[in-house]
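Quick setup: one chain, the form predicted alone, written in structure tokens, and binding and motion questions come after.
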Amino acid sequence: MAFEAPKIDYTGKIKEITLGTGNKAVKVGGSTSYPFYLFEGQMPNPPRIAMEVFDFAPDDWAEAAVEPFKDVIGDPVAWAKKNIQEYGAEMIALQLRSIDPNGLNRSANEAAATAKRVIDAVDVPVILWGVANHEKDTEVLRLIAESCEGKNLALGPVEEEDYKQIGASAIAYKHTVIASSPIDINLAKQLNILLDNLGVPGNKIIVDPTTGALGYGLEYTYSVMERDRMAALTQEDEKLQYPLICNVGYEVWKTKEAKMKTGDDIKFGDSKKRGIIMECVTAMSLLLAGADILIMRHPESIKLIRKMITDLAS
């Protein structure tokens, strides 16, 4: 008698959401089964990767992370274009790190102007990622939302303390919000409910569960994402049926292990290979937990993960 693997009957479906506009718009979500469980359901839109761009030249990156972008790292527009033209980026994630009050503390007007130049220069969807300072993020993201009306940007992180202001701007100017909560499924659901009550359409919400890098809380993120997908797909919890986004590159490459130079400790081996592997392991783990969008940094990491997505989704 042939063995027949038991199959789960799914009663829920992840909402399908479109980012960007025109023929380069990207669709995410729409799955009717656990990640890559193509023998049990459908995955009409395989996970997507957004390539990271900073809105200023970072001075604390590992050498391996700087090397692919060293000719454009001081120009966010050129950086974004290189990601698209040379590395095939299908989305750009603009990290608005210059607005950090504990860093450069650039003005909202200056940061918004930089963001608009990047957005106008590319034809792929753009994700805007603030610094989780509610006052500064609100001021900057509202300016960007207004100046880029109808571009269908993804604005985040949107948290409970600032969801009304940023959410209202997203509604008014037709953008998507990234609902961010601190690795807790109940808090994630609560924020989704608040955004729904505010009037943010269900096809304009993406969930950021907060990402921990390999060795820095990855297992907690994985567990929350796994529970999220179980509730969404097998328990028909409509308030959790949203695509998931993970800010992988930023979290991985700020770790001590990714920044250590070759030779600092012989046990850690080659620094470039170490950082790339850390980013890949983190990204692959989060894909298996249910990530629909990964924000990544190093082109070689992205190349490897693209290959894994293609293999698993075919």
Partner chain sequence: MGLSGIEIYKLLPQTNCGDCGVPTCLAFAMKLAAGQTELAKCPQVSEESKQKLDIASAPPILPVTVGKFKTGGETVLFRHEKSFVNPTGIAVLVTDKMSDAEADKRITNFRELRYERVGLVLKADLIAVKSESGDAGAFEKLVGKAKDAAGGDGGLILMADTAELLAAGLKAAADQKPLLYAATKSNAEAVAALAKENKCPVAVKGENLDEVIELTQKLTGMGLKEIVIDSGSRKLRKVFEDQVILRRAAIKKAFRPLGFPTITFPCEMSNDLMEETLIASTLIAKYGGIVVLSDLEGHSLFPLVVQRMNIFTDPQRPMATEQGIYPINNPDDNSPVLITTNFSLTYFIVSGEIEGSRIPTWLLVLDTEGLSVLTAWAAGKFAADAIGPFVKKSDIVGKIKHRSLIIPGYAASISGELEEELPDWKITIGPREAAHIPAFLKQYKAS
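Numbering follows the first chain given and starts at 1. What you see is a predicted model; the values in this text were computed from it and never measured.
Although it is not shown, the form predicted in complex with its partner chain is what the next lines describe.
- Of the candidate stretches 45-53, 252-260, 23-31, 62-70, only 252-260 has residues whose heavy atoms lie within 4.5 Å of its partner chain in the predicted bound form.
- This chain is displayed alone, yet in the predicted bound form one of 217, 74, 88, 201 has a heavy atom within 4.5 Å of its partner chain; that residue is 217.
- Contact check for residue 305: a heavy atom falls within 4.5 Å of its partner chain in the predicted bound form.
- In the predicted bound form, at least one heavy atom of residue 38 sits within 4.5 Å of its partner chain.
- With a 4.5 Å cutoff on heavy atoms, residue 196 does not count as touching its partner chain in the predicted bound form; it lies far away.
- The closest heavy atom approach of residue 117 to its partner chain in the predicted bound form falls outside 4.5 Å.
- Residues of 2-17 placing a heavy atom within 4.5 Å of its partner chain in the predicted bound form, in sequence order: 2, 3, 5, 6, 7, 8, 10.
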